[in-house]
Every structure is written in C-alpha cells, then in structure tokens.
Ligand code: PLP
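Okay, here we've got a single chain as structure tokens, the form predicted alone, with questions on binding and movement later.
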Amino acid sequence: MAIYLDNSATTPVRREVIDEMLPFLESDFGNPSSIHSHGMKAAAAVKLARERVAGLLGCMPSEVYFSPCGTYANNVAILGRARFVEANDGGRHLITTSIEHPSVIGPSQHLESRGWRVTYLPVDKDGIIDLEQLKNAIANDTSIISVMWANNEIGSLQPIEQIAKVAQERGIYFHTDAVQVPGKLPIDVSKHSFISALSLSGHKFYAPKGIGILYLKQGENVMPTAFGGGQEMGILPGTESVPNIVAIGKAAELAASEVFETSKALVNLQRILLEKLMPIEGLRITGPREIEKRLPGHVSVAISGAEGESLVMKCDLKGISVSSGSACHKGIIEPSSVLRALRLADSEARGSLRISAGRFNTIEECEKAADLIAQIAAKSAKTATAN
C-alpha cells in the first residue's frame, strides 16, 4: 500500500472540492464578466468563493484577491508594493529572511537589481529570526518587510504576530507567505490586524494546483505587475478560472471548519514520526524539536554523509512518498539554501529528508512509514559512518 507523506509539496484534491467545481467545468461554464445568465451564475460562484476565503482568513471579502498561484501572489505582494513605493518616492529598503521560498527571494533579488537595498535576516538553529535583529535592521528607508509564516522545508514557525506588530509600529507594510498554514493553524487577520498582505496556494490545502489567494488589507496599496484586464480590481488581471476559484472557496470553508481537529490529529502523527526517528545515531532533526514551534504534521531530518535524493528513492521503493531539501544540478547534489542558513555542514545538509503528514493520513500509516523510514535512515547513517 502506497503511503503519501509529502503534503507540504502538494495535497490531494478533496472529493467535496471536486464535486463543487465539476458543474463549472461542464454546464456552468460562463465567463463571470458576461451579463447573460451563464455569466451571472459564474459571477455568483466567484462571489461565494470570495466570501468563503474571507471566512477562513477572518477578513472582508473585498480584501480577498484570486491569483494563479501562491508564487504569483507573493510576487504581486512584494513587487506591486514596490511599484507603489517607487511611484510615491518612498524608501527603497526591503527586509526579508534567508530561508524564504524562491517566490520571495526572487522578487527580492529583482528589486536589488533595480537599486533597492535588501536585508536578509539570519535565523537561529531552529530556523527562527531574532526580533531584536529585525528591529535593528529597520531604517528610515524601510518600506517592506516580508517574512514566511511557516517554512515549507524545516517546518519552523515565525512569531508572525510580533513581527507584524513591529512593522505596524514603524508604519511599514508587512507581507507573509502563509502558504503552508491553512487547515493546520488558525488564521485570523482580524486578530493579527498588523498583517498588510498574506499569500496562500490552493494545492497546499486540498484544492487543485493553479489557484492562489492574495489577502490585501483594506487601505494598503499595491500596483499591478501585469496589465490588460480589470479583473480582481485590476491588481491580478485575467479571466477568472471559475472552477478553480470555486474549488479554493470550498477548500477554504472546509479548512476553517476543521482546523482544530486537523491540527490535533497532525500533531499526534508528528509525534509518532519524531519518536521513531530521533533515537537514530547519525540523524538530526532540522528545524525546531519543540512541537509548538513547528508546523503540525511536519518532520524534517538530515543524515550526515547520505544523499537526500537517494533516501527519497529508497523510501519510494518501499511505497512511501517523501521529499528532500537537496537538489541535483548536472549530477551534483547541492544542499538547499534553507539548510545552509541553519549552518549545517554540506555533508549533513545533502542528506535531508522531509516527511509531511496530511489530513487523510492515519496513525497506522504513519507508524508503518516511520518504522520503514527509520530502517532506511539507520542503514544510511551506518553506511555513511563506515565510509
């Protein structure tokens, strides 16, 4: 029996979500910009989906924008704000972290090429930033702060409310990539009221690939980075993908209603995995060991002298789908920038493995998978030590 434990990469589409979106692939195929009955039905479905996402986030529907994916939402949140800053002669300094997703690092580097100053905050051994370092990095020209809520690779949770409050006290626009969070932790921007912008991706919480969310707090301004249409208030132009929007709306509704139940279940599965893996000699947990500092259901490890890609293949042969933080470029295994930011030696960082449970994994699955992964990890660690 195959056991899928790579939910931080992508999740299966829920049956309830598929059922909700199917009519908009078949009979209700209208363009929501059209004024005839087909179009009005599609527009009503988009409106309902926006309301459902607003319910997940604790915001107003008018603050929800549909995007093609989380990457696009991150780009608009950063580059769209940068355009607004430049148009208003604001300060050109961005603060982010050394462990962000490439869809935040990429825009940051692009701004650097345009003359912006970018500060990449370091992280501690758990992958968490120091609030005092953040405060010290803020200067008179700081106009954007972007910090990931939960890291996809090592599971570390940043103190988002405190970071957002620091930004608000200095009058700085604050964005967070929250792609990994929905359905695992509650999100309530009415309580985290200092968040200016937030990005989500549907395929991380049981909706299809190809649909994301940009939350933009009322009163915060960004300018479009793509042109040619007035959809999504002109910020994310292009004909709406109605079936996918309907899908992410339903997924958001389910995630909001089940978050506490799901979070508790994921923590239980996480404990099973950690208890089996932590005693293995030559293996270390990457990211926080403390459950409360870690994304529910997420476990990441590194085995000195092993190769992550090889570990993934060995697990796959046993019917277990996991992933690695290392990547192969032209035959050379390179450790990820996230693991390097934790100051792991390359020999250790190359042997990374990420195991991420989801809502539909069972205790029996995780116990079986943990035993098999432990065997593979122990053998790999022993081989590496012998070599």
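Just count from 1 along the sequence shown to find any residue number. It should be emphasised that the depicted structure is a prediction, and the values quoted were computed from it without experimental measurement.
Just so it is clear, the following notes concern the form predicted in complex with the named molecule, a form of the same protein that is not shown.
- The stretch that touches the named molecule in the predicted bound form, counting heavy atoms within 4.5 Å, is 97-105, out of 307-315, 278-286, 252-260, 97-105.
- The listed set Val179, Ile154, Ala207, Val76 contains one residue whose heavy atoms approach the named molecule in the predicted bound form to within 4.5 Å, identified as Val179.
- For the candidate set Ser143, Ser241, Thr119, Thr71, a heavy atom within 4.5 Å of the named molecule in the predicted bound form is found for exactly one residue, namely Thr71.
- Interface residue remark: Ile129 is not counted as part of the site for the named molecule in the predicted bound form, having no heavy atom within 4.5 Å.
- Though the partner is left out of this view, Ser300 does not reach within 4.5 Å of the named molecule in the predicted bound form, counting heavy atoms only.
- Of the heavy atoms in Arg294, none are within 4.5 Å of the named molecule in the predicted bound form.
- At the 4.5 Å threshold, heavy atoms of Ile160 stay clear of the named molecule in the predicted bound form, well away from it.
- Contacts to the named molecule in the predicted bound form (heavy atom within 4.5 Å) from stretch 201-223: Ser201, His203, Lys204.
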